[in-house]
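Single chain ahead, written as structure tokens, the form predicted alone.
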Amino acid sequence: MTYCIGINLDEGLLFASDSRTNAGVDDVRRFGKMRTFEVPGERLIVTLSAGNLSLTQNTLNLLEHRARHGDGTGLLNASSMFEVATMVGDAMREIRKRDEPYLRDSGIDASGTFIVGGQIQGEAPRLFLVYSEGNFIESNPDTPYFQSGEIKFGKPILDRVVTPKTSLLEAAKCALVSFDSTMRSNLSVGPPIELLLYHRDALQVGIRERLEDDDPYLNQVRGHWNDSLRNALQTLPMPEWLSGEN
């Protein structure tokens, strides 16, 4: 399994993903879930994938092949991020139509999702969640972020903190706390964590970091967050119905 986050802010876009594809006592594998399609000064497109690895990677490889060797109608020539999301959904349908019967016969789940975001010159940054069936939804001010994969453990901090006005740096800290909460509770999510920050209208990658398990800042976040939670719990007011307890 995996965990991915995409956040659309007034200041720009944030993307984060883990790199674990299998987990067990003696079987842990890594595979990056973030891919970028970039024409500096003209467009930046970022995809985060979750689900069946062969489905999502074949979808991306098909998109990349068409972008580099196609007839000029691929991702690098799309006129809007809406068109990009449509291309991702169509490519996923094509790969599922080809592979799903064989995977299903072997008892393999052939589902996957993509978080797709970026900016093309002439429009604002946009963020989409593309489902296995190829349909998709777009973020809005009431729902400025999308998650995919193991979403439940890292969702509460995002719900409490993230709004469109949140800064990219604050959102980055929030995303790392979300990942730490998820990794602590679910073995199927693990480092390295890939983090990309995109500033509105830059039309090229801003900050891109790969955080290993022993990364000093990641460990600092873990320790500080743990201590802050314990301190917050200790300072909560005592309910009246427990006032008589020792």
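Start at 1 and count along the sequence shown; that's the residue number. Everything quoted here is computed from the prediction, not taken from an experiment.
Below, we turn to the form predicted in complex with a further copy of the same chain, even though it does not appear here.
In the model of the complex, a further copy of the same chain stays beyond 4.5 Å of every heavy atom belonging to residue 98.
Using a 4.5 Å cutoff between non-hydrogen atoms, residue 42 does not count as a contact of a further copy of the same chain in the model of the complex. The shortest heavy atom separation between residue 58 and a further copy of the same chain in the model of the complex exceeds 4.5 Å. Contact check for residue 104: no non-hydrogen atom falls within 4.5 Å of a further copy of the same chain in the model of the complex.
This chain is displayed without a further copy of the same chain, yet in the model of the complex the stretch 194-202 from 60-68, 46-54, 194-202, 33-41 comes within 4.5 Å of it by heavy atoms. Of the candidates 170, 109, 90, 83, 170 is the one whose heavy atoms come within 4.5 Å of a further copy of the same chain in the model of the complex; the others do not. Contacts to a further copy of the same chain in the model of the complex (heavy atom within 4.5 Å) from stretch 149-175: 150, 152, 153, 155, 156, 157, 159, 160, 161, 169, 170, 172, 173, 174.
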